[in-house]
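Below you will find one chain, with nothing else, as structure tokens; this is the form predicted alone, and questions on how it binds or moves follow later.
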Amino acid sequence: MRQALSVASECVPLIKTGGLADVVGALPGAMATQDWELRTLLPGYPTVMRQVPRAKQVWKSSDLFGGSARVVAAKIDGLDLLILDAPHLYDRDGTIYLGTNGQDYSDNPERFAALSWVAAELATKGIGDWQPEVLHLHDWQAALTPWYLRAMGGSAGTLLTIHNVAFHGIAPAARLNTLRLPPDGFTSDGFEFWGQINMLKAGIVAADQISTVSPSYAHELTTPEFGMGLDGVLSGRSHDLSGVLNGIDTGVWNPASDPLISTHFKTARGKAKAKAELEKEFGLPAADGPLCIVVSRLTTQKGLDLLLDALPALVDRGGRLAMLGSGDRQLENAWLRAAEEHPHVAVRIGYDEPLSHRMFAGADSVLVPSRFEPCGLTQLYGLRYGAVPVVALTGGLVDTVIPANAAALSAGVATGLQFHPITVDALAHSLIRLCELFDDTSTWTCLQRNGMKHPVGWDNSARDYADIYDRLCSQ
């Protein structure tokens, strides 16, 4: 098998704050079907190091951005891992990105520049007889790798995947030397961005290939509305930019065998039992309308402020909502107040992986009203578990949900609802439409069955990534 190194800041099952971790954790298994052996380089946060008590040291340095460090190799749940153990950078009491005060660590640029530096060294020097032909870099945290690789004389091909262009990795220009970056790269054609260092831009400029997580988002990134100030540089590299849909691990997310739910189902009867269990768990009364869920970060990007204002369209028609998430403190408090005011709304602040599985199993519908969404995994979980998605017309939501318009319903292919423009009124109209479709039992059953049959795994995406890897090796 050919060899590649995936470089990321998080990866399931070791550490997760969002969908990036799910994708990084699923990629090695997906790429193995294409004859690519993927190792994953990951920072050694405390929770990660606790999971690898016996690991083999394969690299070390006495001075990695301010302290000694080593890389250890380990295998966990089938993943072939390289873990960067650098206590001065990663042994922190907060989250992987934020301190206990809720603010970004001031040295986040150095923390993830170190990850990129080590990736470049491993690719250049190899480990024994292992040396990757391709480096697959995820988001700004790994985006300096091509610059370091070039300085070290490495020859591996580089692919930068942008999971969310909103996060750039910004550092003051004064830290140019600290980050071991070449002064001649600090230009508008390099990694300079409004007088500062932009780590994501650095990767966009220097990587051999660029991808993002859906075809529609790839197009959106080249527009001022969605490019977050990087639309110009992305447009300039449009011939190297691909959109590859994320998939989900259909072994982990399988309603017929999921170990995290108590009621497995392939039939409507099993789904009904899971729904009754979810109603009981959230303390929601039985009602005539659909039981909807939200499993999300609570941010304005996710459109959850819009959903607050559109909520009467659902609950006034007998619909209910169970929410699991955390994020913006004001949104958290607003949703907690909504739960106090509406007996048909229940909110849990935080994240609970087993609970999220039970929610998808019991839900009639999952709501994803995002203002922008590179790909989204939530709607894919919903499809898999018969929770009909209601999604905004943006990014990967466009590419993964077939809207229940007249033509799609007539052809029997619809899987969910899409709304546009992304406003309170349009969302409210979709929630009313959702309730109407739910009342039509035969149509609703067809939507659920279509969704559960819809391909949401990695087969097609793995082939697309393999094509990019192959192109990198032939350059």
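Note that the coordinates shown come from a computational prediction; the quantities given were computed from them, not determined experimentally. One-based numbering along the sequence shown.
Just so you know, the form predicted in complex with a small molecule exists too; it's not on screen, but the next bit is about it.
Asks: Please identify, from 400 to 408, 140 to 148, 324 to 332, 234 to 242, the stretch that has a heavy atom within 4.5 Å of the small molecule in the predicted complex.
Replies: Only one stretch passes the 4.5 Å heavy-atom test: 324 to 332.
Asks: I need to confirm a contact call. Of F191, W117, Y381, Y217, which residue comes within 4.5 Å of the small molecule in the predicted complex, counting heavy atoms only?
Replies: Checking each option against the small molecule in the predicted complex, the one that comes within 4.5 Å is Y381.
Asks: Taking 4.5 Å between heavy atoms as the contact cutoff, choose which of H342, R297, R92, R371 touches the small molecule in the predicted complex.
Replies: None of the others qualify; the residue that does is R297.
Asks: Contact with the small molecule in the predicted complex for D352, defined as at least one heavy atom pair within 4.5 Å: yes or no?
Replies: D352: yes, in contact with the small molecule in the predicted complex.
Asks: I'd like to check something about H136: if you look in the predicted complex, is any of its heavy atoms closer than or equal to 4.5 Å to a heavy atom of the small molecule?
Replies: Result no; H136 lies far from the small molecule in the predicted complex.
Asks: Do K16 and the small molecule come within 4.5 Å of each other in the predicted complex, heavy atoms counted?
Replies: Flag for K16 set to yes.
Asks: Using heavy atoms and a 4.5 Å limit, would one call A392 a contact residue for the small molecule in the predicted complex?
Replies: No, A392 sits far enough from the small molecule in the predicted complex that none of its heavy atoms falls within 4.5 Å.
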